[in-house]
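Encoded as structure tokens, the following chain is the form predicted on its own, with no partner shown.
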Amino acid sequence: MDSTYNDHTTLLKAQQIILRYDSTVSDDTRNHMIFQSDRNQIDDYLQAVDEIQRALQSTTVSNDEEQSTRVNSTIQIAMARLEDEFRNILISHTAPIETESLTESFSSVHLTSRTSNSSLSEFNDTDDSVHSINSLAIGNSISSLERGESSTTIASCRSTSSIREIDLIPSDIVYDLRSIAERMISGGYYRECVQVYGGVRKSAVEASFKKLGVEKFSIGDIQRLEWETLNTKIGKWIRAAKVCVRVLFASERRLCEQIFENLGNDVDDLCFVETVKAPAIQLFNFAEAISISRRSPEKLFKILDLHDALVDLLPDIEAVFETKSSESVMVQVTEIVSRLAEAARGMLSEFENAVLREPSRVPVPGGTIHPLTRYVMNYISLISDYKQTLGELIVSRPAAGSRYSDDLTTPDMDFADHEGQSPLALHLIWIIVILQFNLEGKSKHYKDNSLAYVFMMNNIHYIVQKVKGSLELREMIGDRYLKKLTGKYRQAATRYQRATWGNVLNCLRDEGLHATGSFSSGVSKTALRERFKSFNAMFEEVHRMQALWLIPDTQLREELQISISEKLIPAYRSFLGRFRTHIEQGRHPENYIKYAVEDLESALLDFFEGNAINPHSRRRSQ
């Protein structure tokens, strides 16, 4: 630019235009916004500012003290006016972003937890055995796990969505803002420009936060919230965070670039930081508070949802907060992800310990499935739904006991039996191992050994069915271990039959019925009558008791009924066929032969239904 300035007429005209809009002259002048006028008026004012700035840089003006003072005064008036105009334009365009359509589009991959957390009604607190579970962390959590709702999984938070910039301010308004910013910065009002822009746009971001439901909580406030409340907020936060990063923050960066790019001093980046850094820290403080909160197993799946969402967002956060002045946001989120990963590992370990130590001693009525079994199996079914994430996070095998250990409070697990399986799969198998160990301890509280075997059969069968019912879980557990589990519940069924029916079947043996030294029929009628009476009494007692026992799985119940029938009915039919005439030849045969074969077949259908039934109600007329 020339160092001399000789066009005094043009300078005088420019000064007149600037002074005409001096905000300090009157309220009318201050309230009249140039950039709300017609285009010619705007252009005239901008040209006047340019003329004054050119004059300031000329040696002719700088050497004339009076003229220099007048020009400097004029440029200060112009900068004050431009600052007001800049602020007014920005305030006029601070509407929050339209969130509904954006939230819906980012929810095409569902962002809420993969579990339903509606209530705790499944546990019945009147049952002491269940109440003891409720006293533990694992019992104070998701009731849907007990109901088996984990099968209704929802897609992972990982998505293919990415940054979607929108126009926060119309392009013609952006042009005006850039025109003002260019002149303020070249006039030495760089700091004022940044402060005005950051202050107004930060308010716009906060308005969008409010519309998205991002609440202004401190880390302490968040940690004091009840988990049920926080649980709901996490899903909402994930949806909001995706919009904030991919739309709101990205669009704010784009706007800064449109207005300030190439105006020097990295002003576009500074304005962006001034606008969004504090709101971004506020946003991610929520996730940070969760990451450092008290660990408990029921939080695991929401922690994983949060972890997945942030991992999914990391590339976008890196793209939006890419500069040195804004990288602290990226650092914060990376640290949060790391803490969430560590929290998830810790929660899995705590869950394993809680399952092992769950202390309830009161036997569940009828030997049915224990609430702990339902809870644990639905919990690990959910773990398998998160196998992609947990497979990356769980890198070490469980701290299982050794078969050579003297510690009787912890089961052993031979890892050599599970070579080639992932650390996560080993943890799932370990959870099943410690669940069985706990159940075996609970089975000892039954006074009737037969009922203890039914209890173990029911619970291990339930474990097998849950594994078979989940493709992901079955793949991780493996068919080899599944076969071992199947053998265990069948072994329990065999032990039950021996314990219950061994003595009953002994009544139908010939030993002890033949009279010694007799030349008659060789059968002692007295011994035979006692044998029939013993059989009747034993069967009636077994029927009375075991009709009250419960095998909830229809197929398992029918299989056991058939297995009992295959042993009992042929033995009874043969015994009755051999000795019936001996009883019928005597007095009151109906007192000894109480059941026809068909009566027994019918009575066996009452077993394990959980209902009290009189055995004689099924008896035929003799």
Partner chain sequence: MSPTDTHVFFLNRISIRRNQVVSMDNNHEQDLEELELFQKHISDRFTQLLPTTGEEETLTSDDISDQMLSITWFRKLLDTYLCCESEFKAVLIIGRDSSQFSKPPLDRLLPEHLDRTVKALDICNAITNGIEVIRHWQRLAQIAVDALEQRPFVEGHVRRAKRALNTLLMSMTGEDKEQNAHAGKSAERMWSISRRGGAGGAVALPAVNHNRRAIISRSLSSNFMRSWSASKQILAMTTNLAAPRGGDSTGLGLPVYLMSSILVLVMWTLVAAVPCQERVGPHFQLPRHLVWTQPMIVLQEKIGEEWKRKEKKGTSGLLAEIQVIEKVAQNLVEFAEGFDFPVGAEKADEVAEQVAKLAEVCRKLEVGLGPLQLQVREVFHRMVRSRAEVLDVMDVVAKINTHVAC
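So that the term is clear: the rigid core is the largest set of C-alpha atoms that superpose within 1.5 Å between two forms. For clarity, every value in this text was computed on a predicted model and none was experimentally measured. Residue numbers count along the first chain shown, from 1.
This protein has a second form, the form predicted in complex with its partner chain, left out of what is shown; the following refers to that one.
Would you check whether its partner chain, in the predicted bound form, lies within 4.5 angstroms of a non-hydrogen atom from each of H32, V200 and N285?
Yes, because H32, V200 and N285 each have a heavy atom that approaches its partner chain to within 4.5 Å in the predicted bound form.
Within 4.5 Å, heavy atoms only, one stretch in 449 to 457, 163 to 171, 209 to 217, 228 to 236 touches its partner chain in the predicted bound form. Which?
Only one stretch qualifies here: 209 to 217.
Only one of E318, E335, E541, E257 comes within 4.5 Å of its partner chain in the predicted bound form by heavy atoms, so just point that one out.
Exactly one residue meets the criterion: E335.
Proximity to its partner chain in the predicted bound form, single hit among R490, R480, R357, R498 (heavy atom within 4.5 Å)
Among R490, R480, R357, R498, a heavy atom within 4.5 Å of its partner chain in the predicted bound form occurs only for R357.
Given that its partner chain is not shown alongside this chain, does G188 nevertheless sit within 4.5 Å of it in the predicted bound form, heavy atom to heavy atom?
Heavy-atom contact with its partner chain at 4.5 Å: present for G188.
Using the partner position in the predicted bound form, report whether A399 sits within 4.5 Å of its partner chain, counting heavy atoms only.
A399: contacts its partner chain in the predicted bound form.
Interface membership of E298, its partner chain in the predicted bound form, 4.5 Å heavy atom rule:
No, E298 stays farther than 4.5 Å from its partner chain in the predicted bound form.
Any non-hydrogen atom of G346 within 4.5 angstroms of its partner chain in the predicted bound form
Within the cut-off, so yes.
Hey, which residues along 71 to 95 are within 4.5 angstroms of its partner chain in the predicted bound form, non-hydrogen atoms only?
Residues within 4.5 Å: N72, S73, Q76, I77, A80, R81, E83, D84, R87, N88, I91, S92, T94.
Answer yes if the CA of S602 moves 2 Å or more between the shown form and the other one after aligning the rigid core, and no otherwise.
It does not reach a 2 Å shift.
Core superposed first: is there a CA shift of 2 Å or greater at S565 between the shown form and the other one?
No; S565 is a residue whose C-alpha shifts by less than 2 Å between the shown form and the other one when the cores are overlaid.
So with the core overlaid, does the Cα of N31 end up 2 Å or more away between the shown form and the other one?
It does shift by 2 Å or more.
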